[in-house]
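Here you get one chain, nothing else, as structure tokens; it is the form predicted alone.
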């Protein structure tokens, strides 16, 4: 349950959310002394907040347990999960068919490797109609860096429509085919774009997503580009940052499961001192690496871009090359190196 449900003043709620206490579970796990220090309130005020949170949690606890699932049903549900194609068949192959819905997938890499290109590609491809093998959904694009390019989105949307028309032409020669009704303008209209300029705006938006998606039920992907930006600049207290990020990751996981949608978190890289030398690693530290279902690392191998499955409960470690063209993501021209099992 959200902190905003507590009968508190707006200033106290704002302080709680800014300090990373966005849910009742996060409040209940600390002492009144720690809460007072983190939120900058008196200890008596902190005690009253804890008492209030405990009362609300206990009154609603009966609805928390919904019963167990059996493992066979869970397996069938996972196998039936839809995927969003990346438009690169080699990359789709190592991803088990594309970006999985109901999962949180982190994609990170160095600047210029194509993270934003992948984000824009997914926001377009999620809209491919069901009769063409897509989801027929809509996209939410959360831009923290100002890197979203609407002209690029239009370019990829035009290529997507052209690909569907080409497929229809082929099918007409051999089988009955559906006509392409979608236009590039329709694709752009189905990308809900949010620009956030601070970590507090980011937290507030994530808290609002449940309501927004409930009102726009066709949303099938949420993309954050990047999850890292404001949290690398605005935080001196690393413990507070870890707490805020953990709460945010939990909310994304709940959204993915509740609405059967894909959450894609784009991440930056940083330097990490390991075994006597500095090496590149995804930002936000080791604790954050456990916050996502799947982790994909993008890297250069010579002049070629590669994607590597670094962590996944269901996918084997593997790498595949890809390229970024004027039409979007595509297979690399070096077909002999496309997919390598690790």
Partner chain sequence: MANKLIGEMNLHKRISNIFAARNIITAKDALSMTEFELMELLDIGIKEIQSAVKLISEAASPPCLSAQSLLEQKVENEYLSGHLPTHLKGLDSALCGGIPFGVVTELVGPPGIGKSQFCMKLALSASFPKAYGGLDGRVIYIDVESKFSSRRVIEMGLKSFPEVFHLKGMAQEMAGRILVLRPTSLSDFTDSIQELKESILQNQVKLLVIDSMTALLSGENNPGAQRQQHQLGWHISFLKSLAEFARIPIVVTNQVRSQNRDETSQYSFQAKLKDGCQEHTRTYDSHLVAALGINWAHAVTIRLVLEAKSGERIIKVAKSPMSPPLAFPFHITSGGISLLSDEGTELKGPGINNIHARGHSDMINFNGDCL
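Nothing here was measured: the structure is a model prediction, and the numbers come from that model. Numbering follows the first chain given and starts at 1. For the two forms, the rigid core is made up of the largest set of C-alpha atoms that agree within 1.5 Å on superposition.
A second form of this protein, the form predicted together with the partner chain, is not displayed here; the remarks below concern that form.
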Q) Which of these residues, 315, 281, 50, 56, gets a heavy atom within 4.5 Å of the partner chain in the predicted complex? A) 281
(Q) Give me the residue from 256, 164, 135, 196 that has a heavy atom within 4.5 Å of the partner chain in the predicted complex. (A) 196
Q.
Can you tell me if residue 303 lies within 4.5 angstroms of the partner chain in the predicted complex, counting non-hydrogen atoms only?
A. yes
Q: Considering only heavy atoms, tell me if residue 80 and the partner chain come within 4.5 Å of each other in the predicted complex.
A: no
Q.
Just checking whether residue 95 would be counted as a contact of the partner chain in the predicted complex - the rule being heavy atoms within 4.5 angstroms.
A. no
**Q.** 4.5 angstroms heavy atom contact with the partner chain in the predicted complex for residue 75
**A.** no
(Q) Heavy atoms within 4.5 Å of the partner chain in the predicted complex: which stretch in 273-281, 286-294, 35-43, 22-30 meets that? (A) 273-281
Q. Which residues within 129-160 place at least one heavy atom within 4.5 Å of the partner chain in the predicted complex?
A. 145, 146, 147, 148, 149, 150, 151, 152, 154, 155
Q.
Quick check on residue 42: with the core superposed, does its CA move 2 angstroms or more between the shown form and the other one?
A. yes
Q. Superposing on the rigid core, do we see a C-alpha displacement of 2 Å or more at residue 327 between the shown form and the other one?
A. no
Q: State yes or no: after fitting on the rigid core, is the Cα displacement of residue 12 between the shown form and the other one at least 2 Å?
A: yes
**Q.** Shift in CA distance, residue 196 and residue 9, in the predicted complex relative to the form shown here, given it is 3 Å or more
**A.** farther
Q.
Having a change of 3 Å or more in the C-alpha distance between residue 7 and residue 247, I'd like to know whether it is closer or farther in the predicted complex than in the form here.
A. closer
